[in-house]
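Below you will find one chain, with nothing else, as structure tokens; this is the form predicted on its own, and questions on how it binds or moves follow later.
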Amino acid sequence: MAKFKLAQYWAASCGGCDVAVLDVHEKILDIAEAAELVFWPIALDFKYKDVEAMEDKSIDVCLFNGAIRNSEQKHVAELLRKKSKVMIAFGACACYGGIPGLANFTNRKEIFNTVYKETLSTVNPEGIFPKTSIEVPEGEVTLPEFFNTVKTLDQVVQVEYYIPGCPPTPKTILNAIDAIVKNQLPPIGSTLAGKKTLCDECDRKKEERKISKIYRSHEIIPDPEICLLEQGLICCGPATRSGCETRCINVNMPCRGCYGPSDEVSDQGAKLLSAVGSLADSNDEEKIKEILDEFEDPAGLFYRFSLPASLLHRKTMKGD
């Protein structure tokens, strides 16, 4: 059987999704047997010109990880879209915006001010910011344009499938590769993970307990048998897609929400806020507010991986 041509690219992300492909261990040999790598800059010496020289739609599948933060990433996303038959948003950042997407709570001006002027270790008396182009004795030097807004992959190009996770688990990756090899991919637009919420897969006991205090993970050792939310730990399971094999919960840690919203959830952050609010041990509005005020960073917690894909999308700021 002929190998399918596979491309993989790393945009605005930590690079963990690229490494996650190697987490399948010896199964990487099965992937190598089924796929011909035609573009994977982190592993082999590929250049953009190599992709530009390919025929359109000559790549069978592209695994694109990372959000779109700058003009270079947008250019490569559009290039790989043109060259690929199937584009897959690979990992939380490509699917939902991920951790880079939290930058949508601010804007380019504030980010540049913080990084290049206000940090204690920065010495920049002339207030020089990065420029997309500058002339030096050797010629013109260019940088990608830093966008004001972080976008998901499907907000820039058409995407056929989504593989969530930070990073996707080996089982999720192998199931997706198996579906590709066997030509058994689901309908276009599908997410190649579970359909329901993580709570539907979790076997912890739910005793309908109410909570009067919010704990951070280092503050208590939770009962491994009882629902973490009912113990005051913010577990994102009620609003998060299943398919990760409840890995965090299995080691007594709350779900972070990296598999994004399930098919039943339209806005992950709003659903999580609703779930936590319903557990507050009071009918008094002020008491409930006291409990919720214990969150150090509610926006960053509830929208940790999904802000650009959410109903909020970004914070509107003066000058945007």
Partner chain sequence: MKKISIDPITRLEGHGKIDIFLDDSGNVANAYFQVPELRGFERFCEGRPVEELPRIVPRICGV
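Numbering follows the first chain given and starts at 1. As the structure is a computational prediction, the values presented were derived from the model and not from experiment.
Not pictured, yet referred to below: the form predicted together with its partner chain.
Residue-level contacts in the predicted complex: of 198, 193, 77, 103, one residue has a heavy atom within 4.5 Å of its partner chain, and it is 103.
Shown without its partner, this chain lists 184, 250, 158, 119 as candidates; in the predicted complex, only 119 has a non-hydrogen atom within 4.5 angstroms of its partner chain. Not displayed here, its partner chain is kept clear of residue 29 by more than 4.5 Å at the level of heavy atoms in the predicted complex. In the predicted complex, its partner chain lies within 4.5 Å of some heavy atom of residue 45. In the predicted complex, its partner chain stays beyond 4.5 Å of every heavy atom belonging to residue 302. Contact annotation for residue 115: at least one heavy atom lies within 4.5 Å of its partner chain in the predicted complex. Heavy atoms within 4.5 Å of its partner chain in the predicted complex belong, among the stretches 55-63, 283-291, 37-45, 263-271, to residues of 37-45.
In the predicted complex, 136, 137, 138, 139, 140, 141, 142, 143, 144, 146 are the residues of 134-154 with at least one heavy atom within 4.5 Å of its partner chain, listed from first to last.
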